[in-house]
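To begin, one chain is listed below as structure tokens, in the form predicted on its own.
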Amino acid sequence: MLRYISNRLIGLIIVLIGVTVLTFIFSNISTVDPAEAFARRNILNPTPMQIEELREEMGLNLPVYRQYFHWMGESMKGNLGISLLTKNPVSADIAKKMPATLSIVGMAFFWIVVITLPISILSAVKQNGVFDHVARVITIFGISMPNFWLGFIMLIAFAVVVPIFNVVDYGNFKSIILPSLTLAIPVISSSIRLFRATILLNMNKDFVTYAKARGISKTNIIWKHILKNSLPPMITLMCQNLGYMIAGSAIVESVFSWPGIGSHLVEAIVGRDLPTINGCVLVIAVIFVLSNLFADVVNIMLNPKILNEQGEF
């Protein structure tokens, strides 16, 4: 178990390095000069000499690889730099914005679990029935809808036509419902399709036939045998979706004016705030890889045979 986790950690560290390298390269090949953008925000009619001085102060005159190694060395010490927009430490800004993002992602995760499990089980048990066909149509629509479009529809439906919620209403539990549902619905739709297919696959396995021959009730077979064997791919998918939702929260947060890390990252990209861009991407990547590692550990706890199949024993 420890050997497996250590191997996975090494692989995840390599992934993190790759993400930071790509982010740093793409941030630096933009046609917009960060030093010029910063100068025009803070200096009236800046001269080329002033822009060049700022570029030297920000270290942007150095080769990209030297900028990267300097930033990586500071990041390993916990120093993500100073934001060019807010003038605050990037880590402090991220720490301030992260709770807002985690609140809607956590609520979205709650919707995913509560809605996906019963609908998937009923669809599999009632295969090709009315409920299964209705669920199939709804989930296809859910998978097809982009988050930003769904967010606008939710706002128009429940904040304008039927004014249950306010358009901008951050700061209470009621304000979390619409953005969390917007974030969760596409994930719920894809999760239902996968979980239903996995349950149906396991319903035709030999262990189910053996359980029926022993006289075990259908309910016990589903809850104690089929679900246990169907959960590993769902756990992996949900933990991956946790990372995807944090990374993809920018659009939803922008639609609902939600002050989270996603909207903060969008503002940084528009303002060419390189320290904030690199810091946000690093934090999101860390959360993503850790959620995948957590999924692997939980799957091993549910089914230790995974280690045998991968030659870890």
Partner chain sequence: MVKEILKNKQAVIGLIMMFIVAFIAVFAPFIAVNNPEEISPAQKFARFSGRYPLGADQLGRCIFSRLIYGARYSLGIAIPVLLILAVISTFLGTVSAYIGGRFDRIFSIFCDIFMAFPPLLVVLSLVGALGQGILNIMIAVIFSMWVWFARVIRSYVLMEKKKGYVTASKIVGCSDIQIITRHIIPNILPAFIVYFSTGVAGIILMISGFSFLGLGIEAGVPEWGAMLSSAKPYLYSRPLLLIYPGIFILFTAAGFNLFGEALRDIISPEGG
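Whichever C-alpha set is largest while still superposing within 1.5 Å between the two forms counts as the rigid core. Numbering follows the first chain given and starts at 1. Nothing here was measured: the structure is a model prediction, and the numbers come from that model.
Not on display, but discussed next: the form predicted in complex with the partner chain.
Enquirer: Counting heavy atoms only and using a 4.5 Å cut-off, do 100, 117 and 293 all touch the partner chain in the model of the complex?
Expert: Answer is no for this spot.
Enquirer: Pick from 220 to 228, 75 to 83, 207 to 215, 136 to 144: which stretch has a heavy atom within 4.5 Å of the partner chain in the model of the complex?
Expert: Careful reading of the contacts points to 136 to 144.
Enquirer: Would you mind picking the one in 60, 269, 37, 51 that has a heavy atom within 4.5 Å of the partner chain in the model of the complex?
Expert: Flagged contact: 269.
Enquirer: Scan 122, 197, 113, 92 and let me know which has any heavy atom within 4.5 Å of the partner chain in the model of the complex.
Expert: Contact check passes for 197.
Enquirer: With the partner left out here, check for me: in the model of the complex, does some heavy atom of residue 9 sit within 4.5 Å of the partner chain?
Expert: No, residue 9 stays farther than 4.5 Å from the partner chain in the model of the complex.
Enquirer: In the model of the complex, does residue 164 come within 4.5 Å of the partner chain, counting heavy atoms only?
Expert: No, residue 164 stays farther than 4.5 Å from the partner chain in the model of the complex.
Enquirer: Although the partner isn't part of this model, could you tell me whether residue 158 comes within 4.5 Å of the partner chain in the model of the complex, counting any heavy atom of the residue?
Expert: It does not: once the partner chain is placed as it appears in the model of the complex, residue 158 has no heavy atom within 4.5 Å of it.
Enquirer: Looking in the model of the complex, any heavy atom of residue 14 within 4.5 Å of the partner chain?
Expert: Flag for residue 14 set to yes.
Enquirer: Need the contact residues for 76 to 99: heavy atom within 4.5 Å of the partner chain in the model of the complex, sequence order, or none if there are none.
Expert: Heavy-atom contacts within 4.5 Å come from no residue here.
Enquirer: Using a rigid core superposition, assess whether residue 71 undergoes a CA shift of 2 Å or more between this form and the one not shown.
Expert: Yes; residue 71 is a residue whose C-alpha shifts (by 2 Å or more) between this form and the one not shown when the cores are overlaid.
Enquirer: Tell me, please, whether between this form and the one not shown the C-alpha of residue 13 is shifted by 2 Å or more, with the rigid core used for superposition.
Expert: Where the cores coincide, residue 13 still shows a C-alpha shift between this form and the one not shown that is 2 Å or more.
Enquirer: Residue 290: after superposing the rigid core, is there a C-alpha shift of 2 Å or more between this form and the one not shown?
Expert: For residue 290, whose C-alpha is compared between this form and the one not shown after core superposition, the shift is less than 2 Å.
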